[in-house]
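Next up is one chain by itself, shown in structure tokens, the form predicted on its own.
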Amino acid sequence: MVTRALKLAAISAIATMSLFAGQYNQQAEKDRQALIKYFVAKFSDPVKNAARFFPYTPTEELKKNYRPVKDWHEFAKGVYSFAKGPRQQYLELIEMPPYEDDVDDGEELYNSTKGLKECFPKPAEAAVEYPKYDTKKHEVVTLTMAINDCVVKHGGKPWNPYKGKIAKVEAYFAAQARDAGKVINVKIPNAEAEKAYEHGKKYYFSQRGYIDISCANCHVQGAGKRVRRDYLSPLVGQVTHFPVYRLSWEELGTLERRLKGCIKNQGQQPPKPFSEDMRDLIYFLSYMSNGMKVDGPDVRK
């Protein structure tokens, strides 16, 4: 009887702890599910939903150049999920992906750089463990930040947070996670983490810069629309493929690098790579891709 009572008490305690741990992501889950519903409704039948693509995309263009997307997991491919022309170009390009050597270089750096194996014993896990809210540091820690902290801790000089060595190591981690079928699983463990998530969300939806637009203007309301010759990707799935080889860069780059450029295009000064604004923004973005498979590194225009 005593043993049974102890088991019941343990089960009750675990259930209570799980409920307590999960209560902080309730609003985040509502946000994520609402966005999935919004994007699926918009892209499942672009022609029928032509009004949602107005005024930049005529109905005839929707008929000719857009494909329906009914599975939200496809949004991991960004514009390649719905834009027929770019999708075909992408499929041809990844037959011989330009980032393959970077993945090999990343593996070599992982094995040769002092401390990396100790800090990240399981590369595939590292790719989905971050960003995370560090309850001891009381802040969000991104993978780029964690790698640099590890390098410095073991006597090295900090790496460029936008490209080069750090992007290659992240490419190796991402490739390991992709091959293992890992999915993004960002957690919000406490009230402080919830506050960081809300801060990142506020940054994403706030209008700023001399153009006075927000990230959401392009990637929520504007998702799927064409601006000149480029299509705008939906928010859900935007982090799954990083680090990314961009054709315009002709090299691999981190998520911090892409956000820096995107925010600069909004007409404002981008936040520093390890600033609270940048880290919390990445935390929000990553939570919005929860449940999606890691498919990085990948290539984008």
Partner chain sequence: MKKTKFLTIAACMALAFGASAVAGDKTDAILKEAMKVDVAKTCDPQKNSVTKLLAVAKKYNPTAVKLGVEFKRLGMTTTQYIQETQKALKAKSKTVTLLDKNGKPTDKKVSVDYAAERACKFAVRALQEYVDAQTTYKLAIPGEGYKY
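Since this is a predicted model, take the numbers as computed values, not measurements. Numbering follows the first chain given and starts at 1.
If you look for the form predicted in complex with the partner chain, you will not find it shown, but the lines that follow are about it.
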Subject >> Site check D31, A34 and S206: each within 4.5 Å of the partner chain in the predicted bound form by heavy atom >> reply: yes
Original post:
Which listed residue (N160, Q221, N190, Q88) meets the criterion of a heavy atom within 4.5 Å of the partner chain in the predicted bound form?
Top reply: Q221
Original post:
Can you pick the one in E125, D149, E100, D212 that has a heavy atom within 4.5 Å of the partner chain in the predicted bound form?
Top reply: D212
Original post:
Among 260-268, 238-246, 43-51, 64-72, which stretch has residues whose heavy atoms lie within 4.5 Å of the partner chain in the predicted bound form?
Top reply: 260-268
Original post:
For R226, is any heavy atom within 4.5 Å of the partner chain in the predicted bound form, or not?
Top reply: no
Original post:
Is Q27 close enough to touch the partner chain in the predicted bound form, meaning at least one heavy atom pair within 4.5 Å?
Top reply: yes
Original post:
Might Y38 be said to contact the partner chain in the predicted bound form, defining contact as any heavy atom within 4.5 Å?
Top reply: yes
Original post:
With a 4.5 Å heavy atom cut-off, would you call K165 a contact of the partner chain in the predicted bound form?
Top reply: no
Original post:
Any idea whether V40 and F54 get closer or farther by CA distance in the predicted bound form, knowing it moves 3 angstroms or more?
Top reply: closer
